[in-house]
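Shown next as structure tokens: one chain only, the form predicted on its own.
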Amino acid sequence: MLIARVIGTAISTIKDEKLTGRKLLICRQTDEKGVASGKPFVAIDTVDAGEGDLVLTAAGSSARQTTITKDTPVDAVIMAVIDHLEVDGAVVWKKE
């Protein structure tokens, strides 16, 4: 699993039929404090995340393990919206 921030939306009118009705969000990997550390990628949203949210993502074959993405041609999925992150007993990030 990777921590990422939702930075935008991808709109596609022509796509595989298994993706019809699925929200595509642009994410960027972050560190535990929410500081960007990777390049953008598109993920299928399974939890109604929105722009600015810090989320947990899975990639590769793990992305096809949710109920919504099973047997679907996806490489990344958003499977949780993070409320807060605690590292070594200290809260390092908290959703406002």
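A residue's number is simply how far along the shown sequence it sits, counting from 1. All values derive from a computational prediction rather than experimental measurement.
Separately, the form predicted together with a further copy of the same chain exists; it is not shown, and the next lines address it.
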Report whether the minimum heavy atom distance between Pro73 and a further copy of the same chain in the predicted bound form is within 4.5 Å. yes
Would Gly60 sit within 4.5 Å of a further copy of the same chain in the predicted bound form, counting heavy atoms only? yes
Decide whether Ser12 counts as a contact residue for a further copy of the same chain in the predicted bound form under a heavy atom distance cut-off of 4.5 Å. yes
In the predicted bound form: members of 67 to 91 within 4.5 Å of a further copy of the same chain, any heavy atom: Asp71, Thr72, Pro73, Val74, Asp75, Ala76, Met79, Ala80, Val81, Ile82, Asp83, His84, Leu85, Glu86, Val87, Asp88, Gly89
